[in-house]
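Next up is one chain by itself, shown in structure tokens, the form predicted alone.
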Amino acid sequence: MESTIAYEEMRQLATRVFMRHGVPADEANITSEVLVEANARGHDSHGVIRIPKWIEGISSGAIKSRFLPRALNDCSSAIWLDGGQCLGPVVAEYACHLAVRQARDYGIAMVSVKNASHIGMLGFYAELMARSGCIGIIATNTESGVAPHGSAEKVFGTNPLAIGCPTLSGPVFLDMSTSVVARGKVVLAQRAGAAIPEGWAVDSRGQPTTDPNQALAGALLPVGGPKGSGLSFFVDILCGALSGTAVGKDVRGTFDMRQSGSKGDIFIAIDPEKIGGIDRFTGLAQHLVDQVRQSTPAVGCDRVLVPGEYEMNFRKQRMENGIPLASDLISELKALAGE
């Protein structure tokens, strides 16, 4: 059974859950916003369905409830940050602001993060950087669940990345996993007792499957075959190898939150003002947006969208009509909040 809950009501409930489990109000608010924004934008796999697992992590001690930033080097434009095994969205938002601030001085800045839990929907941070006037690039590696192209064995994570930039009409942003689909969508299908589409995954023998249980026991497939596989490889390198944490099969803490996170994250900010000026940049970016939107739709399509527009349209609808969630999930969250 499904229920509908208003955005703000859901955000406040999520905040109460985290606060009841020892998370300070400011950090609970940040984490709740990232999760509920995912639901609002139609990415339910990265929304409040993840809260019970994060509470397991906090209860087990694998996730710490107070973030105290600690830089591991003294370079102003390439910063190595220890997340202290704290809530990922809190660490990620701090890393975004730090990268943007340093990019104002140096034109480009990168923050490489180790020891943070799952950071949620990456598009949130790409939009955050874009609203600050910067190009933002964010990526993270995750626990192994995706077979490299040509393999029947899971090695890579879903290894998502996001890119955003400002335009005259507002931010545009791309948010994608390097697998055909995010693992969370398979988990949602499993929870609903539904089949998954062909082409998403293979079972433990490397055979195509539409059974979400077999898919989770087997492996997801990379998007675009060898292209997505190669991209996933380098997300692992940029996030895991660069931060000095773990890569491939050695990554932990993104599925089972009771394990300390061993993945890495990267946040890159580029300030267009330092390269030709922000007005020139946003004008040209807007020109491309206009060309895409004004292009002739293909057969079966009503209109052509730019990156992030689908999510923003979805958000508008859910802000007006509420967020649909499984009734048992809402009950579970209320119980976690002690209500």
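Just so you know, these numbers come straight off a predicted model, no measurement behind them. Definition used throughout: the rigid core is the maximal C-alpha set that superposes within 1.5 Å between two forms. For every residue, the number given is its place in the sequence shown, counted from 1.
Another form, the form predicted together with a further copy of the same chain, is not on view; read the next lines as being about it.
- Interface residue remark: E153 is counted as part of the site for a further copy of the same chain in the predicted bound form, having a heavy atom within 4.5 Å.
- When a further copy of the same chain is considered in the predicted bound form, F233 lines it closely, a heavy atom lying within 4.5 Å.
- a further copy of the same chain in the predicted bound form comes within 4.5 Å of no heavy atom belonging to R66.
- Not displayed here, a further copy of the same chain is kept clear of P212 by more than 4.5 Å at the level of heavy atoms in the predicted bound form.
- Figure note: of the listed segments 117-125, 186-194, 253-261, 78-86, the one touching a further copy of the same chain in the predicted bound form, with heavy atoms no more than 4.5 Å away, is 78-86.
- Between the options V306, M312, I49, I58, the residue in contact with a further copy of the same chain in the predicted bound form by a heavy atom within 4.5 angstroms is V306.
- The contact with a further copy of the same chain in the predicted bound form, taken as any heavy atom within 4.5 Å, belongs to I237 out of L168, A71, A217, I237.
- In the predicted bound form, no residue of 323-339 lies within 4.5 Å of a further copy of the same chain by any heavy atom.
- Once the cores line up, the CA of Q207 ends up 2 angstroms or more apart between the shown form and the other one.
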